[in-house]
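One chain follows as structure tokens, the form predicted on its own.
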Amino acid sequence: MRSYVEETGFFGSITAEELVSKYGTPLYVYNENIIRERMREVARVITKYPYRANYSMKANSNLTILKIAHEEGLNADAMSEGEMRLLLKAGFENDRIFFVPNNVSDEELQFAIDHDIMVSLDSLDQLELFGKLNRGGKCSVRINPGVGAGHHEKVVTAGKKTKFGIAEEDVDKIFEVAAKYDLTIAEINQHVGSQYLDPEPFLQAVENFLRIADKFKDLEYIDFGGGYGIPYHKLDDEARFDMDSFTGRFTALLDDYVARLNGPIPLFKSEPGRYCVAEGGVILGRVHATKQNAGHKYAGTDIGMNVLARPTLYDSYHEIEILRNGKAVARDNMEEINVSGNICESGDLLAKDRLLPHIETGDIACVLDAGAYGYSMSSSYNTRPRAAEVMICKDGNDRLIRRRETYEDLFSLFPDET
């Protein structure tokens, strides 16, 4: 691929240089058309049976993007009271919100109960707590299917070495707790991990999960989780997740399950997050310095680990395009370079020993596939205000969808001292 931003017309009717002149750097920029198309793809994963995709909002919780997900007919997953509140603000009805917490307080559970939001319980202890708060209520439980998947051990959320879910050997105890508090287990859910391009581990987990589902009676919902990967090496023509082939194999497993059902077919669900928004977001940052250090070239930008944490946390790979005079610099005459941020940490690197076009001070670094787990994981570390977010709308025009944080915003949290 020559240039992702140019081939997709990512910036619409404005250039990257015009965007950073207008809004400053670092800057998150999203493309509405790309986000809507990816959301429509996940909405069509299963067509043979009742199915609904739940957008996992932890990937990107911008209010405008949540409203787009609502318009596209997706439900949504929340992991905290704050996320539930934001989904309600975005217009999601309570029956379109699924609370999937991990080790939360009775106050957070009570918020969901009070707002009639379905809750997934991640452990027997949490199921017990829910029963005490809501005797006779209806809930979901998260099962560990014994198989995990993901690009890094820190994003694998099932298997033998994970904090998530109730193990298969404890399923009978679920029924004991449910009977104790007269609870109805209306749903079971799983999540095997994130960013997998090979569907094999996921499909194996689905097979295991549906075998476990046989132990439950009259389920209203079965949620298989998300994690579908996106091609982070797209400039090297990395293949996309084969959704068509995946859908066929997934449906075949559902066929087997439905054939042995004695009751009505439940609503099947999934929890895509990254797939919906990752490719629809980039970060624009300014190159403020270049230098040689012991034979290694460094390009210093204002895209620090406070802006994008994934490379530091997970050794994640993000393609970087270099923009100069409104155009992408050709990917020839490549040189090995380290691209760093402006944070006082040795691990503050966007790219290490990466072959990139020649970079000059003043260039714009454009980090691709930053729409998921970008802003939502950003921080004010080193007392640097968080970036602004801009949407390139369907008509190609730009719109500010979150203003840049200010120093006044940061300092306002301190109590007045007299």
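The structure presented is a predicted model; accordingly, all values stated were derived computationally and were not measured. The first residue of the sequence shown is number 1, and the count goes up from there.
The same protein also has a form predicted in complex with a small molecule, omitted here; what follows describes it.
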So in the predicted bound form, are R142, G226 and M377 all sitting within 4.5 Å of the small molecule, heavy atoms only?
yes
Looking in the predicted bound form, any heavy atom of R310 within 4.5 Å of the small molecule?
yes
Consider Y221 of the chain shown here, and say whether it contacts the small molecule in the predicted bound form, taking contact as heavy atoms within 4.5 Å.
no
Mark S194 yes when one of its heavy atoms lies within 4.5 Å of a heavy atom of the small molecule in the predicted bound form, and no otherwise.
yes
Any non-hydrogen atom of G281 within 4.5 angstroms of the small molecule in the predicted bound form
no
Partner-free chain; cross-checking the small molecule in the predicted bound form, the single residue of G285, G165, P272, G341 with a heavy atom within 4.5 Å is P272
Residue (of A76, M305, V100, M84) lying close to the small molecule in the predicted bound form, criterion heavy atoms within 4.5 Å:
V100
Can you say which of 323 to 331, 201 to 209, 264 to 272, 124 to 132 gets within 4.5 Å of the small molecule in the predicted bound form, counting heavy atoms only?
264 to 272
